[in-house]
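What follows is a single chain, given as structure tokens, in the form predicted on its own.
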């Protein structure tokens, strides 16, 4: 029972990171109808911002997360308004190619600046954890789960209770009707992409505290974000959180199988995604459109 409980804890804590990564991806996909292949690069940019502020100025990594959010929001807003908005109504293949190209540019700029060396954020509390009986709960991962849940709740409130959020939802439901009632589509698109980038930046900052990073480390997170959104269901922040937690649990139990590794665990997680697509195409908590 202790081993089972420890696996559940590991899965939920990992799922918090996946949920944080997936929330921004799902928001952009649901509103702009763009599968953002540069999402992982945005995550790693946030990770490098946290590492830079910690390594150069000695700022506690948790205090860098709001700065990551602001910086990535500005970057995301500018990229969408200046580049992506030009082909927003183009076929899906065009947005695929554009975001893939933006991903390549971001990765190569990071390689130019930081090289391919592994970087890590190691604090005095990096190896500390809460011990409950035979269970161990790392403080950083626990804090990351809490931050991910709070961030998702704030985003959900912003989308449902504020004028900007309601405008974003209106654009996601029917962009032509939204434009007819006076909503500035370009601004709504840019704010949506900026919010997705901001959440990705915060997720990257938390990832930098948990594992070593390189400029190419963001690519798996794009695929994982895609799976998380599919599992939970497109269109709801709470559904993406559930998808992230489910993905973390499946991965944790997959890695516990004797002789299996991370690749085998990911294969199991992707298999679960296929099963969900076949049996419940709208996801675990999604709604049919």
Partner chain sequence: MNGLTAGFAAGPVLFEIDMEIAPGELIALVGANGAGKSTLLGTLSGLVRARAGSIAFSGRDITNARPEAIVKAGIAHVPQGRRLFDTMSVEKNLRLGAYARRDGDIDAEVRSVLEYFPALKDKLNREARTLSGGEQQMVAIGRGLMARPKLLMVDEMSLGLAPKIVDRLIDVVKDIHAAGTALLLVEQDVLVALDVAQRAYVLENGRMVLAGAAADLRDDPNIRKAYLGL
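Just so it is clear, the structure is predicted and the values come from calculations on it, not from any experiment. Positions refer to the first chain, counted from 1.
The form predicted together with the partner chain is left out here; the points below concern that form.
In the model of the complex, the partner chain stays beyond 4.5 Å of every heavy atom belonging to residue 122. Interface membership of residue 116, defined by any non-hydrogen atom within 4.5 Å of the partner chain in the model of the complex, is ruled out.
The partner chain is not shown here, and in the model of the complex it never comes within 4.5 Å of any heavy atom of residue 219. Using a 4.5 angstroms threshold between heavy atoms, residue 131 stays clear of the partner chain in the model of the complex. With the partner left out here, the partner chain still marks one of 67-75, 167-175, 209-217, 144-152 in the model of the complex; by a 4.5 Å heavy atom cut-off that stretch is 167-175. Applying a 4.5 Å heavy atom cutoff to the partner chain in the model of the complex picks out 160, 163, 166 from 132-166, in order along the sequence.
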